[in-house]
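Here's a solo chain for you in structure tokens, the form predicted on its own.
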């Protein structure tokens, strides 16, 4: 309940905070300028932050359970790197509109994931180790392509646009950008909650899960695809936002001491709260900071704490 109240408060503050402050009285009085800012900029940005945080929190928990690794993240199978390559290619080669960059980033993320899964299939060893190694290979390849694209970019225009996209920001969110991500995210989240019990069974060893009648390989690929779709839909619009998918699931487990459907929901809720809060702080600075700077500043100490805790065990 506390997390729900905090998220609701952050959502309301996000609607009111910015370079053009809004108040409830202004909106109710029909102030034309205030309504325009609210409808075209403030509401879409806040809704996207809520949705993106929820998706990253839920996807992070799924990755951590499937890979049985508390440090698993979208990078583990190249989602973020693939999205970066897609966005950079759109900026560099076709001078795409913001909508075009979003579409290319989404395509790049999906291509990277399917490539990683295809490599896993070709090895003939459809286990966690081969998936992780395939993801590392795809991530390295995508990073190489990204560096090559940045090297050929115009330093004054294209390179700056690529770097700004990679840093992640909610500042460019408008109403026209969010319908597709919202639809994809809603469908993906519903599927994750539908398969929640199956997800939890994957936290067992493969032998134990198979003994319970779980088609481990097929289910793992299906759930990875759904979680990846959520991440791709998010980062294709916001750019890369780090650590939400790591922080939210861990905090949810610390609070509930278990993996369950409630933990999955709390992971998403905490992801929304973290991203809304980070975005509030980012837009309150003199020069608006990319939100990923703040999420990384929060995430790095938390990651070190996790490493120390694992070392004690």
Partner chain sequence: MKLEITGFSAGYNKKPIVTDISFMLQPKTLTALLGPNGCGKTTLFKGLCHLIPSSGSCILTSDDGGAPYNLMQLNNRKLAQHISYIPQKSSISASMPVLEAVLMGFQPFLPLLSRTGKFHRVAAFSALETVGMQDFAAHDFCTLSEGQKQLCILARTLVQNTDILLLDEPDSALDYPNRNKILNILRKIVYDNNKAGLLILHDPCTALNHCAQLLLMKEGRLIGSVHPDQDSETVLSEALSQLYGPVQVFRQHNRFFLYPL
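Only a predicted model underlies this, so the values are computations on that prediction, with no experimental measurement involved. Numbering follows the first chain given and starts at 1.
Missing here is the form predicted together with its partner chain; even so, the following discussion is about that form.
Worksheet entry | Stretch from 254-262, 48-56, 240-248, 269-277 whose residues place a heavy atom within 4.5 Å of its partner chain in the predicted bound form | That would be 254-262.
Worksheet item: Quick one: is residue 194 in contact with its partner chain in the predicted bound form, heavy atoms, 4.5 Å cut-off?
Response: Heavy-atom contact with its partner chain at 4.5 Å: present for residue 194.
Discussion item. In the predicted bound form, is there a heavy atom of its partner chain that lies within 4.5 Å of any heavy atom of residue 133, even though the partner is absent here?
Written reply: Contact with its partner chain, no.
Practice prompt. Please check if residue 204 has a heavy atom lying within 4.5 Å of any heavy atom of its partner chain in the predicted bound form.
Written response: Contact check for residue 204: yes, within 4.5 Å of its partner chain in the predicted bound form.
Practice prompt. Tell me, yes or no, whether residue 183 is in contact with its partner chain in the predicted bound form, where a contact means a heavy atom of each within 4.5 Å.
Written response: No.
Discussion item. Would all three of 147, 160 and 167 be in contact with its partner chain in the predicted bound form, where contact means some heavy atom lies within 4.5 Å?
Written reply: The answer is no; none of 147, 160 and 167 reaches its partner chain.
Practice prompt. Identify, from the list 226, 111, 76, 214, the residue with a heavy atom within 4.5 Å of its partner chain in the predicted bound form.
Written response: If I apply the 4.5 Å criterion carefully, the residue I get is 214.
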